[in-house]
Structure formats: structure tokens, C-alpha cells
Ligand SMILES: Cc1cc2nc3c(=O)[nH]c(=O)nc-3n(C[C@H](O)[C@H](O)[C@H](O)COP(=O)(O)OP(=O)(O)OC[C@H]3O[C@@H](n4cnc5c(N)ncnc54)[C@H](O)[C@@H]3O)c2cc1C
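Next comes just one chain, in C-alpha cells: the form predicted alone.
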Amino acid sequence: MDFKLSEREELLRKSTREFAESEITPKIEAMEETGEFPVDLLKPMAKLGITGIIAPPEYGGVGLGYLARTIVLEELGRVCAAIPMSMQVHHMAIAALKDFGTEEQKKKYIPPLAHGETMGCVAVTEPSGGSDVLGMQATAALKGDKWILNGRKCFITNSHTSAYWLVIVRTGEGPKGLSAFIVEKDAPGAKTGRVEHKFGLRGSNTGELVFDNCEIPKENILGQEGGGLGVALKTVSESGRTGMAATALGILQACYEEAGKFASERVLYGKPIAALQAISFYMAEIYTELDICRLLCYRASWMKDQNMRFDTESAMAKSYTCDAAARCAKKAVEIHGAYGIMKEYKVQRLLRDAMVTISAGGTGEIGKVVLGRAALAPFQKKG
């Protein structure tokens, strides 16, 4: 096994880190106050290849793959996790179009995403829940040469910053009764609803999409009629989980850096608190969790690049890394003592952001359902 990153990947990490520190850091305070994504960052990120990192070159992307994507999201998350949260959903939209779109759809919709002209949006969750995909109530019916959509989607990342949305709705009964559609935001009967105000990942726009007899062309179906469940499962499993894991990995890296720096500079009893055994144990735990999670995240992304099946590995990376980020952010806050709950210090934001990653992109419990099946599979009786 070769754990060494390529020169290209190391350069990508360096350029992304420099960009995040110089361009994103000044915008964090405004994002925390408004909850809005700074869309003026899209073009600069496009120049670095971030927006089109998994998009094929023939559709305007750079096609660097999923390990490169994880490195980029990790570095963005180290500075501000709201940015990679939005970017990973943006990448999910590209992945769905790449995997299920017609040639015409790919040529029309992927280049604007890759070039940072708009943001990608994937809408599955409804007020009734997100994990119960088969329980969704939004519908689409074919009338002549138009699909008519009705219903509501909620907690949708990039809802108000995207020019078109990939939407999963019901077109029939049962598992084959779901279909995926491309809905342009100015389609008749389509509109955005409320904007959500989260306590973490503040700069990642989250809101509602509303469809009231929304008309879209017949050719805007993504994949086959009745194939919406497959679109949702593949996109969430392969792109959503790895993206959320990478975002949480960036939070973990920031926890390690912030806690280590504070412990080395804060003096009590005449010496830095890093000399206290309790603090050093906390740092050891954060350090170990960071290494475990990086290996999990990089492995899942590498497997995707190798065209290997990795649904178990992606669930493991997402579930474990997001939980670990929350655990380590709590430790980082505790290392800071009273300073840890002050807004002037980054660790309180890291804790808030980490908590949001646990349910985003598929809850931790759903991830454990996947892992439970894999863990018990060798012991199930065959035949």
C-alpha cells in the first residue's frame, strides 16, 4: 500500500489552503451573521478547479477525481466548513448529471457548474423526513409534453443560490415509483421558500423548494422514469457521504491546530497547560482521531477513483468522521476553558459546525444501518 500523495495532489492541497486562508477567512464573520454563501467565491474557486474537480474535461471540468476532491474539501473545511458543505452538494449535482444524464443534459448543465456560474443543488428531503426516501410525497405527472410537479422540499443545501435543481419526486408506487428531474429555478410554478437559520455551517445556504403545478419539459427527466431511487442512493452514497466526511475531516484538522496552539501558549501554574497530563491526553485523542479519519476518508475516495464498490467504506468514513469531529471539537472547547465558548475563538464554531455534519448527507444512524448489514453479512446463513 502506498500512502504517499502525488506531487499534483500535494500542490492542490497547498493552493487550496492558501486560497482558503486568504479569500475565505475575511468572509467568515459575514457568513456567521447572515447565513449566506459568498457567491463571489465561485469564480475564483473555478479557476483553481474546485468547482469542477470531478467534472469531466469534455464538460468543462478538470476531472481530478474523488481523492483530489476530498483533499480540497478538507482544506476548505479547515478554514470554514460551510464552504465545503455547499461545494460537496454542488459536486453531488455534477456526479448525478455525469452518471445519469443524457449527452444533451451533460452538455447543457455540467459546464455552468464546473465554471462556477451557478451552484449545484440536489433535493431529496421533505418535511416528512429525509431518510425515508420511499415516504416522500412530492409528485410529478406527465401531461402531454410536460411534467407537472407538486410538493415541497426542505433543508436543501444551495436552494437559493442554484439556477437549477435536481429533484427526486414520486411518479408511481413503491421503490420504482420515484423519478429524478432537472428543474430550472425560473420554471413556471417553481419557487424558493423559507431560508433556514442553522446554528452551525452558517454560510451554507439551506432552504425550501416549492412546486405548485410546476411545468418542466418532458426531456428534463434525469435517467429513466422510475429510476429516481437509484439516482438518490448512488449520488448520496458515493458523493454525499464522502463529501460530508471530507468536510468533517477539515473540522477535525482545525480542532487539532486550534487546541494544540492554545495548549502551548496558555500558561497556568507557571507553565503551558500542554504540560498537564489531562490536556496532553485530550490532544493525544484528537491527534489519533484525526489520523484514523483521514485514512478512512482517503480510502473511500481512492476506492471510488479505482471504480471499486465502496458503499460500506463511504458509510464508515461519513459516520465515524462526523462523530469524531464533534467529539474532538468538544475536547478543543474544553481545552480552551472559558475562552472556548467565546465567539472570538474559533473552537466554538467548530463544535457547532461539527454537530450539523452528523445529520447532513444522511444521518449517522442510517450510516450505522449500512455498517450493521456489512458487519453481520459474513454470519448470515445462505440458501
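Counting begins at 1, following the sequence as shown. Since this is a predicted model, take the numbers as computed values, not measurements.
Just so you know, the form predicted in complex with the ligand exists too; it's not on screen, but the next bit is about it.
Residue 206 belongs to the set of residues with a heavy atom inside 4.5 Å of the ligand in the predicted complex.
The ligand in the predicted complex is not approached by residue 170, whose heavy atoms all lie more than 4.5 angstroms from it. In the predicted complex, none of the heavy atoms of residue 256 sits within 4.5 Å of a heavy atom of the ligand. The closest non-hydrogen atom of residue 272 lies beyond 4.5 Å of the ligand in the predicted complex. With the partner omitted from this view, the residue of 180, 245, 85, 72 that lies near the ligand in the predicted complex is 85 [heavy atom within 4.5 Å]. Contact with the ligand in the predicted complex, defined as a heavy atom within 4.5 Å, holds for exactly one of 216, 286, 94, 122, namely 122. Heavy atoms within 4.5 Å of the ligand in the predicted complex are found in exactly one of 76-84, 264-272, 297-305, 151-159, that being 151-159. Taking a 4.5 Å heavy atom cutoff to the ligand in the predicted complex, the contacting residues in 347-369 are 356, 359, 360, 361, 362, 363, 365, 366, 369.
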